[in-house]
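Only one chain is given next, in structure tokens, and it is the form predicted alone.
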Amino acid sequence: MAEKAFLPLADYCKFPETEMKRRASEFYAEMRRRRTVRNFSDQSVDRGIIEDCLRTAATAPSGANQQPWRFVVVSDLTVKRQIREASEKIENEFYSKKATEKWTDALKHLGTVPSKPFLEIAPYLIVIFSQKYSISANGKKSKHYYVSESVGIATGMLITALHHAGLAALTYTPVNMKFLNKILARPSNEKPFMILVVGYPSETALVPVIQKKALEDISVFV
């Protein structure tokens, strides 16, 4: 059994309640500005910004602190093109054969189509993989726990960090993402979780008119 090791909680900052309310309100106002974007500029983004956002994501809590995530950052145009071509093949099959009428109707107001030019245009694709288990240097497998929950939290923190830094992002999940393991040479213990398209919005970017549910529709206080 691993030996327990603990340290005093030294970095916690307790604010006066008025300061807490101000911080909560201001952060909510900032996050309300976040929008999912499908029209990206090809303007370059400093790699250091991406690295710090990934460091933020890595502070996320995880089951047994196993940190079952891997972020593969793609900027090479050839690799981005391979991902686009594979994605559009799947999307064309989905829209022409597999998608139900209800499914396509649910997507209509977002303006999604089989063509995915943003996969090439945006400067970065962050492909997020979840790790079902780890493999030690001697080949021993160790099961990970609460993998989807852990990776989902880290992904949310990454999206938040990117927005806070001044970047736009798009969460993209093709119906079948197994091709990402092959293109990115990822091992069998890693499962594609999401492609996060990252960059600046284009000057002509449009976003759909949508509404977020009200607090009373998403929460219950008991």
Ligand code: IYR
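Everything quoted here is computed from the prediction, not taken from an experiment. Numbers for residues come from their place in the sequence shown, where the first is 1.
Omitted here: the form predicted together with 3-iodo-tyrosine. The next part is about that form.
At a distance threshold of 4.5 angstroms between non-hydrogen atoms, Glu120 is out of contact with 3-iodo-tyrosine in the predicted complex. Of the heavy atoms in Leu77, none are within 4.5 Å of 3-iodo-tyrosine in the predicted complex.
Contact between Ile135 and 3-iodo-tyrosine in the predicted complex is not found at the 4.5 Å heavy atom cutoff. The closest heavy atom approach of Phe71 to 3-iodo-tyrosine in the predicted complex falls outside 4.5 Å. Residues placing heavy atoms within 4.5 Å of 3-iodo-tyrosine in the predicted complex fall in a single listed stretch, namely 170 to 178, out of 63 to 71, 45 to 53, 170 to 178, 187 to 195. Of all the residues from 33 to 48, the single one having a non-hydrogen atom no more than 4.5 Å from 3-iodo-tyrosine in the predicted complex is Arg38.
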